[in-house]
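Have a look below at one chain only, the form predicted alone, in C-alpha coordinates format.
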(Lines give C-alpha, C1' and ligand atoms only; values in the text may rest on other atoms or scores of the structure.)
Protein backbone atom coordinates (compact mmCIF):
# COMPACT_ATOMS: atom_id res chain seq x y z
CA UNK A 1 0.00 0.00 0.00
CA UNK A 2 1.14 3.54 -0.82
CA UNK A 3 2.34 5.21 2.38
CA UNK A 4 0.72 8.47 1.29
CA UNK A 5 -2.69 6.79 1.50
CA UNK A 6 -1.88 4.93 4.72
CA UNK A 7 -0.72 7.78 6.89
CA UNK A 8 0.76 7.39 10.33
CA UNK A 9 -1.72 9.94 11.67
CA UNK A 10 -4.46 7.28 11.59
CA UNK A 11 -3.04 5.34 14.53
CA UNK A 12 -5.21 5.01 17.60
CA UNK A 13 -2.12 5.43 19.77
CA UNK A 14 -0.76 8.96 19.74
CA UNK A 15 2.35 7.60 21.39
CA UNK A 16 2.97 5.32 18.39
CA UNK A 17 2.60 8.29 16.05
CA UNK A 18 5.09 10.22 18.14
CA UNK A 19 7.58 7.35 18.14
CA UNK A 20 7.47 7.09 14.34
CA UNK A 21 7.88 10.84 13.91
CA UNK A 22 10.81 10.81 16.33
CA UNK A 23 12.51 8.14 14.21
CA UNK A 24 12.26 10.42 11.18
CA UNK A 25 13.38 13.47 13.16
CA UNK A 26 16.43 11.70 14.55
CA UNK A 27 17.30 10.34 11.11
CA UNK A 28 17.18 13.87 9.67
CA UNK A 29 19.41 15.10 12.50
CA UNK A 30 21.94 12.37 11.73
CA UNK A 31 21.77 13.29 8.06
CA UNK A 32 22.42 16.92 8.90
CA UNK A 33 25.46 15.94 10.95
CA UNK A 34 27.04 13.83 8.22
CA UNK A 35 26.39 16.53 5.61
CA UNK A 36 28.20 18.98 7.89
CA UNK A 37 31.03 16.49 8.24
CA UNK A 38 31.43 16.34 4.46
CA UNK A 39 31.35 20.11 4.09
CA UNK A 40 33.90 20.68 6.85
CA UNK A 41 36.22 17.91 5.65
CA UNK A 42 36.35 19.39 2.15
CA UNK A 43 36.68 22.94 3.51
CA UNK A 44 39.59 21.82 5.68
CA UNK A 45 41.29 20.40 2.60
CA UNK A 46 40.70 23.41 0.37
CA UNK A 47 41.60 25.96 3.07
CA UNK A 48 44.52 24.01 4.52
CA UNK A 49 42.85 24.03 7.95
CA UNK A 50 44.38 21.20 9.97
CA UNK A 51 42.36 21.96 13.11
CA UNK A 52 39.10 21.64 11.21
CA UNK A 53 40.28 18.38 9.63
CA UNK A 54 41.14 17.00 13.07
CA UNK A 55 37.71 18.01 14.37
CA UNK A 56 35.97 16.16 11.54
CA UNK A 57 38.13 13.11 12.09
CA UNK A 58 37.45 13.06 15.81
CA UNK A 59 33.73 13.78 15.42
CA UNK A 60 33.12 10.46 13.68
CA UNK A 61 32.21 8.96 17.06
CA UNK A 62 29.22 11.31 17.30
CA UNK A 63 27.89 9.87 14.04
CA UNK A 64 28.40 6.32 15.31
CA UNK A 65 26.62 7.15 18.56
CA UNK A 66 23.63 8.54 16.67
CA UNK A 67 23.36 5.34 14.64
CA UNK A 68 23.37 3.22 17.80
CA UNK A 69 20.71 5.42 19.40
CA UNK A 70 18.39 5.29 16.37
CA UNK A 71 18.89 1.54 15.94
CA UNK A 72 17.91 1.07 19.59
CA UNK A 73 14.78 3.18 19.07
CA UNK A 74 13.85 1.11 16.01
CA UNK A 75 14.35 -2.13 17.92
CA UNK A 76 12.04 -0.93 20.69
CA UNK A 77 9.36 0.11 18.20
CA UNK A 78 9.53 -3.30 16.50
CA UNK A 79 9.32 -5.15 19.81
CA UNK A 80 6.55 -3.08 21.43
CA UNK A 81 4.40 -2.07 18.47
CA UNK A 82 4.88 -4.93 15.98
CA UNK A 83 4.25 -2.53 13.08
CA UNK A 84 2.83 -3.69 9.77
CA UNK A 85 2.51 -2.38 6.20
CA UNK A 86 3.86 1.15 5.74
CA UNK A 87 4.78 1.48 9.41
CA UNK A 88 7.05 -1.56 9.18
CA UNK A 89 8.58 -0.21 5.96
CA UNK A 90 9.31 3.08 7.69
CA UNK A 91 11.17 1.41 10.55
CA UNK A 92 13.12 -0.85 8.17
CA UNK A 93 13.96 2.09 5.90
CA UNK A 94 15.25 4.09 8.87
CA UNK A 95 17.46 1.18 9.95
CA UNK A 96 18.90 0.87 6.45
CA UNK A 97 19.31 4.63 6.10
CA UNK A 98 21.25 4.99 9.37
CA UNK A 99 23.70 2.37 8.12
CA UNK A 100 24.36 4.38 4.97
CA UNK A 101 24.64 7.63 6.90
CA UNK A 102 27.18 6.05 9.25
CA UNK A 103 29.22 4.97 6.25
CA UNK A 104 29.01 8.47 4.82
CA UNK A 105 30.42 9.67 8.14
CA UNK A 106 33.27 7.18 7.71
CA UNK A 107 33.99 8.57 4.24
CA UNK A 108 34.02 12.14 5.59
CA UNK A 109 36.54 11.00 8.21
CA UNK A 110 38.70 9.49 5.44
CA UNK A 111 38.61 12.81 3.60
CA UNK A 112 39.71 14.59 6.77
CA UNK A 113 42.59 12.16 7.37
CA UNK A 114 43.85 12.53 3.82
CA UNK A 115 43.43 16.31 4.06
CA UNK A 116 45.68 16.26 7.12
CA UNK A 117 48.31 14.27 5.21
CA UNK A 118 48.25 16.79 2.36
CA UNK A 119 48.37 19.79 4.71
CA UNK A 120 51.31 18.33 6.63
CA UNK A 121 53.21 17.58 3.40
CA UNK A 122 52.88 21.24 2.30
CA UNK A 123 52.53 20.09 -1.30
CA UNK A 124 50.39 21.88 -3.87
CA UNK A 125 48.18 18.95 -4.82
CA UNK A 126 46.43 18.66 -8.15
CA UNK A 127 42.72 17.86 -8.42
CA UNK A 128 41.29 20.46 -6.04
CA UNK A 129 38.88 21.79 -8.68
CA UNK A 130 37.52 18.28 -9.19
CA UNK A 131 37.28 17.70 -5.43
CA UNK A 132 35.29 20.90 -4.99
CA UNK A 133 32.94 20.11 -7.88
CA UNK A 134 32.25 16.48 -6.99
CA UNK A 135 31.84 17.32 -3.29
CA UNK A 136 29.17 19.89 -4.13
CA UNK A 137 27.44 17.35 -6.37
CA UNK A 138 27.30 14.55 -3.79
CA UNK A 139 26.30 16.92 -0.99
CA UNK A 140 23.32 18.00 -3.10
CA UNK A 141 22.47 14.35 -3.72
CA UNK A 142 22.55 13.67 0.02
CA UNK A 143 20.49 16.75 0.84
CA UNK A 144 17.89 15.86 -1.80
CA UNK A 145 17.74 12.23 -0.65
CA UNK A 146 17.07 13.32 2.92
CA UNK A 147 14.44 15.81 1.75
CA UNK A 148 12.77 13.08 -0.29
CA UNK A 149 12.75 10.82 2.77
CA UNK A 150 11.21 13.51 4.97
CA UNK A 151 8.52 14.37 2.39
CA UNK A 152 7.93 10.87 0.95
CA UNK A 153 8.83 12.47 -2.41
CA UNK A 154 9.32 9.75 -5.04
CA UNK A 155 10.01 12.19 -7.87
CA UNK A 156 12.91 13.80 -6.00
CA UNK A 157 14.21 10.40 -4.92
CA UNK A 158 14.34 9.19 -8.52
CA UNK A 159 16.23 12.33 -9.53
CA UNK A 160 18.88 11.43 -6.96
CA UNK A 161 19.09 7.86 -8.26
CA UNK A 162 19.70 9.13 -11.79
CA UNK A 163 22.34 11.61 -10.63
CA UNK A 164 24.62 8.84 -9.39
CA UNK A 165 25.72 7.96 -12.95
CA UNK A 166 26.76 11.58 -13.47
CA UNK A 167 28.92 11.51 -10.33
CA UNK A 168 30.49 8.24 -11.47
CA UNK A 169 31.40 9.84 -14.83
CA UNK A 170 32.91 12.90 -13.13
CA UNK A 171 34.89 10.65 -10.81
CA UNK A 172 36.23 8.52 -13.67
CA UNK A 173 37.26 11.62 -15.62
CA UNK A 174 39.07 13.10 -12.60
CA UNK A 175 40.90 9.83 -11.93
CA UNK A 176 42.11 9.61 -15.55
CA UNK A 177 43.44 13.16 -15.35
CA UNK A 178 45.27 12.49 -12.08
CA UNK A 179 46.75 9.24 -13.38
CA UNK A 180 48.15 11.10 -16.39
CA UNK A 181 49.63 13.82 -14.19
CA UNK A 182 51.18 11.27 -11.83
CA UNK A 183 52.88 9.45 -14.71
CA UNK A 184 54.26 12.72 -16.04
CA UNK A 185 55.59 13.81 -12.63
CA UNK A 186 56.53 10.88 -10.36
CA UNK A 187 57.38 13.35 -7.56
CA UNK A 188 53.66 14.02 -7.22
CA UNK A 189 52.70 10.39 -6.57
CA UNK A 190 52.22 10.74 -2.80
CA UNK A 191 50.01 13.84 -2.96
CA UNK A 192 48.04 12.61 -5.97
CA UNK A 193 47.29 9.30 -4.25
CA UNK A 194 45.83 11.22 -1.29
CA UNK A 195 43.62 13.22 -3.65
CA UNK A 196 42.53 10.00 -5.35
CA UNK A 197 41.48 8.56 -1.98
CA UNK A 198 39.50 11.74 -1.32
CA UNK A 199 37.78 11.50 -4.69
CA UNK A 200 37.02 7.84 -4.05
CA UNK A 201 35.44 8.75 -0.71
CA UNK A 202 33.27 11.39 -2.41
CA UNK A 203 32.19 8.89 -5.07
CA UNK A 204 31.20 6.44 -2.34
CA UNK A 205 29.19 9.18 -0.62
CA UNK A 206 27.26 9.54 -3.88
CA UNK A 207 26.59 5.79 -3.85
CA UNK A 208 25.23 5.97 -0.31
CA UNK A 209 23.03 8.96 -1.19
CA UNK A 210 21.71 6.86 -4.07
CA UNK A 211 20.90 4.09 -1.58
CA UNK A 212 18.98 6.54 0.61
CA UNK A 213 16.90 7.62 -2.37
CA UNK A 214 16.11 4.00 -3.23
CA UNK A 215 14.85 3.46 0.32
CA UNK A 216 12.36 6.28 -0.25
CA UNK A 217 10.77 4.36 -3.13
CA UNK A 218 10.67 1.24 -0.96
CA UNK A 219 9.18 3.21 1.92
CA UNK A 220 6.45 4.89 -0.12
CA UNK A 221 5.57 2.19 -2.64
CA UNK A 222 7.02 -1.02 -1.21
CA UNK A 223 9.15 -1.45 -4.36
CA UNK A 224 12.79 -2.55 -4.28
CA UNK A 225 14.68 -0.76 -7.08
CA UNK A 226 18.20 -1.41 -5.80
CA UNK A 227 19.22 -3.50 -8.81
CA UNK A 228 17.23 -1.70 -11.50
CA UNK A 229 19.06 0.26 -14.20
CA UNK A 230 18.25 3.97 -13.56
CA UNK A 231 17.62 4.46 -17.29
CA UNK A 232 14.94 1.77 -17.17
CA UNK A 233 13.07 3.22 -14.21
CA UNK A 234 9.52 4.05 -15.22
CA UNK A 235 8.61 6.98 -12.99
CA UNK A 236 4.97 7.04 -14.07
CA UNK A 237 4.56 3.31 -13.42
CA UNK A 238 6.15 3.62 -9.96
CA UNK A 239 3.81 6.47 -9.06
CA UNK A 240 0.79 4.39 -10.12
CA UNK A 241 1.91 1.41 -8.05
CA UNK A 242 -0.34 0.75 -5.03
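Bear in mind that the values here come from a model prediction, so they are computed numbers and not experimental data. Residue numbers count along the first chain shown, from 1.
Beyond what is shown, the protein has a form predicted together with a further copy of the same chain; the following relates to that form.
Chemist: Honest question, do 19, 29 and 127 all end up within 4.5 Å of a further copy of the same chain in the predicted complex by heavy atom distance?
Modeler: Answer is no for this spot.
Chemist: Could you tell me if residue 96 has a non-hydrogen atom within 4.5 Å of a further copy of the same chain in the predicted complex?
Modeler: Result yes; residue 96 sits at the interface with a further copy of the same chain in the predicted complex.
Chemist: Would residue 33 count as touching a further copy of the same chain in the predicted complex under a 4.5 Å heavy atom rule?
Modeler: No, residue 33 is distant from the partner.
Chemist: In the predicted complex, does residue 150 come within 4.5 Å of a further copy of the same chain, counting heavy atoms only?
Modeler: No, residue 150 is distant from the partner.
Chemist: Taking a further copy of the same chain as it sits in the predicted complex, is residue 102 near enough to touch it, meaning that at least one heavy atom pair lies within 4.5 angstroms?
Modeler: Taking the distances in the predicted complex, the answer for residue 102 is yes, it comes within 4.5 Å of a further copy of the same chain.
Chemist: At 4.5 Å, heavy atom to heavy atom, what parts of 147 to 174 sit next to a further copy of the same chain in the predicted complex? List them in sequence order, or say none.
Modeler: The stretch touches the partner through 171 alone.
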